[in-house]
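Taking the form predicted alone, here's one chain by itself in C-alpha cells.
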C-alpha cells in the first residue's frame, strides 16, 4: 500500500476467488496504515457472520476488529471524518451502493481499501467489485489453489444446490477451482452428494426423535 501525502484520495481493490487470501491482505494493509499512525476505520457487512459478529476474519484465522453495517450507505453515517484510511471487507455483500460511497470517500481525501469477490458462482462479474476496479488507482488480483489439480485458481466453485446469487458459506459449501476445472453453477455430482448427505442427516435426526 502506498501512503499519499496531501489531501488526495485513493481507491485500492483486492479481488479474487474465495480462499485466495483477500481478507488477510486487507488486514495486512490496514495494520501497516495503523503503524504509520493513520486514522483507520474498518467495515464489514452484517450478512457475513461466518467466523465473527464484529471482526474481519481470514480463512487462516487472522482477525481485525470492524464495524458492522447493513449496507454501503451506512458506512457514510458511521464515518468519522478525521479517518484517513477506510477498509471494507466482503464488498460483494455490500451491493452497488458501494461504488458511489467509495468514490465519495476517495474524493474527500481518504484512502479506501476494498476486498471482495470479482466473479460469482457462475463465473460472471460480481457487482460492485468489477465497477470498483474501473475506478481504482490500485488493483491486486489474488489467486487460490485449485482443489482438483493444484493449478492457480481464479474461480469460486459452489457445492450446494441453490440458484441464489448470495449464499453465505465457507469450506464445505465452496472451493477454489482453476479455469479448466471450474463448472459454472453447481456440479451435478456435488448436488447428488448434497442431497445424499441431507437425507442421511434427516434420517439420523428422525431416529434421535
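On a predicted model such as this, the values are computed, not experimentally measured, just so you know. Residue numbers count along the first chain shown, from 1.
One more form of this protein, predicted together with adenosine-5'-diphosphate (ADP), exists but is not displayed; see below.
Quick check on residue 58: any heavy atom within 4.5 Å of adenosine-5'-diphosphate (ADP) in the model of the complex? Output for residue 58 is yes: heavy atoms within 4.5 Å of adenosine-5'-diphosphate (ADP).
Distance check, residue 19 to adenosine-5'-diphosphate (ADP) in the model of the complex, heavy atom within 4.5 Å: Looking in the model of the complex, residue contacts with adenosine-5'-diphosphate (ADP) include residue 19, since a heavy atom lies within 4.5 Å.
Closest heavy atom of residue 147 to adenosine-5'-diphosphate (ADP) in the model of the complex, within 4.5 Å or not? Yes, residue 147 is a contact residue.
Residue-level question: is residue 176 within 4.5 Å of adenosine-5'-diphosphate (ADP) in the model of the complex, judged on heavy atoms? Yes, residue 176 sits close enough to adenosine-5'-diphosphate (ADP) in the model of the complex that at least one of its heavy atoms falls within 4.5 Å.
Tell me the stretch among 65-73, 138-146, 34-42, 178-186 that has any heavy atom within 4.5 angstroms of adenosine-5'-diphosphate (ADP) in the model of the complex. Contact criterion met by 138-146 only.
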